[in-house]
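Below you'll find only one chain, the form predicted on its own, shown as structure tokens.
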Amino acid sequence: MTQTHQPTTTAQSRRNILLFGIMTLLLCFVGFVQSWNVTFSLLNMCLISAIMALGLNIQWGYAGLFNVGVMGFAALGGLAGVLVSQAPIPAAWAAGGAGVVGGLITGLATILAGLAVWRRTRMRGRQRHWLTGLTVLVGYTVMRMIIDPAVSAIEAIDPARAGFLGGAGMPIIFSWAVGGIFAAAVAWVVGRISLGLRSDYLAIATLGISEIIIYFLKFEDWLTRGVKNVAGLSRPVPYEVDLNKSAQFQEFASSIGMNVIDASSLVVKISYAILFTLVLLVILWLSEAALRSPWGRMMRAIRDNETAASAMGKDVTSRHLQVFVLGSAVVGIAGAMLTTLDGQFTPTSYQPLRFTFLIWVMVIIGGSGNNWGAVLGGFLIWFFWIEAEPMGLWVMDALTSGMPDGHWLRMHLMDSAAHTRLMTMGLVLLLVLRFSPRGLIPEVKR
């Protein structure tokens, strides 16, 4: 048994190294053909995508939970970036801060009162439902009476630049942990409600929750400025302007043969890449340790046969809740990192169906149930998602090189090159599923 398993493991390890080596060569190729600034921009987004794919792989690969609300949890991470890093706005707090806090406390009290009425009421049937509904309705009305005037007063404070309460004024790097906590807290609530459902109903529930979260972030201006966005978030790395003013950095840029602007942009992106790589390695190490532990073996047993695991005394729903919270926390961390990289929070950019599809493709192509596969899938899919357009332009230009510049067909094909992105994603997915149905780095059966 050992003699037959060892060569297989060695061959798989060599194949994994080869795949990551090819991915590295692709990124280097972009650096030589386009620019190294483009390469490190790609690398930073690949790192964040890999972390998101790891979070989804924890849910789907470990436990078989079909979560279609990935972008909602990523948006909560972005919200953490605003609430942690933005400085508080004293005028907004003076105008309506007390009303907002009072309204939120009233809302929480309403939820607790509704639960208490439901649990302690001995009546059955419609009377119990009517009494609980009346409690919630009265509490909600009181909450709106308190919070609505406060919200109007806050949003009227310099709406062009402020119009919201601001945040805690702390370094934005702390928002990465806070984003994970926000996502985990919401995932716990969602899981308590929906994890007893069938997988298809769970998908619908998570998609609906994701839409509700993003809808809330779009239209609650007092919290996030809504569609007016929050720009100018702080950074954990130097600013290009500060580097450009430094005499030492100017000498450094001259010594490596680059102009100051390109060199400063490259240094900032490399700094981000170092931070993101550290976070990815920590999460990957923790994920691998969990997967190889007795807990990981139990989760895979529940995934493969819930009935048998339940018969062995395992609390399936509780374990599903646990892994759902952990995976969502990882996605929340990645969402906070994405907002940090962008330097702004734009709620309209979180499109649940479009980008959730991308994260799922990353996990499927990389190899469901394998953490290294999820990382490779995150790199590969984001690379082709970005580079599909320039590759499409090159292909269209080569195909129509014999036509005059103003020919209608050439112009049409060149204008349509951007649409090759979706075609490329479909082609990559089709090829991988045809020749490697379990993904590029399939799950290892231990």
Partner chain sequence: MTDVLNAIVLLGNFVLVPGLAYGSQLALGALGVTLIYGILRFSNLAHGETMSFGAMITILVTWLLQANGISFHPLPTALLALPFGIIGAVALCLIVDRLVYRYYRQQRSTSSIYLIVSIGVMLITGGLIRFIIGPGDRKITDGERFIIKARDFKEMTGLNEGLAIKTTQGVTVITAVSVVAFVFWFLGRTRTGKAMRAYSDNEDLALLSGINPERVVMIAWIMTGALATIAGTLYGLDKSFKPFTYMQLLLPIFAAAIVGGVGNPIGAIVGGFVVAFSELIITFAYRKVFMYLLPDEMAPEGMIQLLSTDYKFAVSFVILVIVLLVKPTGIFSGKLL
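Computed from a predicted structure; not experimentally measured. Residue numbers count along the first chain shown, from 1. The term rigid core refers to the maximal set of C-alpha atoms that superpose within 1.5 Å between the two forms.
The discussion below concerns the form predicted together with the partner chain, not included here.
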Checklist entry - Within a 4.5 Å heavy atom cut-off, is Gln351 in contact with the partner chain in the model of the complex? => result yes
Checklist entry - Does the partner chain get within 4.5 angstroms of any non-hydrogen atom of Leu413 in the model of the complex? => result yes
Item to check | Touches the partner chain in the model of the complex: Ala92 (any heavy atom, 4.5 Å) | outcome: no
Checklist entry - Would Phe355 show up as a contact with the partner chain in the model of the complex if we use heavy atoms at 4.5 Å? => result no
Next on the checklist: Only one of Leu25, Ala11, Leu430, Ile17 gets a heavy atom within 4.5 Å of the partner chain in the model of the complex. Which one?
Outcome noted: Leu430
Next on the checklist: So the partner chain isn't shown here. In the model of the complex, which residue out of Ile193, Met145, Met312, Ile181 has a non-hydrogen atom within 4.5 Å of it?
Outcome noted: Ile193
Checklist entry - in the model of the complex, do Trp60, Tyr201 and Glu211 all reach within 4.5 Å of the partner chain through at least one heavy atom apiece? => result yes
Item to check | the partner chain in the model of the complex: contacting segment from 266-274, 318-326, 94-102, 211-219, heavy atom within 4.5 Å | outcome: 211-219
Next on the checklist: If you apply a 4.5 angstroms heavy atom cut-off, which residues in 316-336 are near the partner chain in the model of the complex?
Outcome noted: none
Next on the checklist: If I superpose the two forms on their rigid core, does the C-alpha of Thr424 end up displaced by 2 Å or more between the shown form and the other one?
Outcome noted: yes
Next on the checklist: Once both forms sit on the same rigid core, is the C-alpha displacement of Leu433 at or above 2 Å between the shown form and the other one?
Outcome noted: yes
Checklist entry - So with the core overlaid, does the Cα of Val68 end up 2 Å or more away between the shown form and the other one? => result no
Checklist entry - Shorter or longer C-alpha distance for Leu26 and Leu427 in the model of the complex, given it differs from this form by 3 Å or more? => result farther
Item to check | Pairwise C-alpha change, Arg434 versus Gly64, in the model of the complex against this form - closer or farther, 3 angstroms or more | outcome: closer
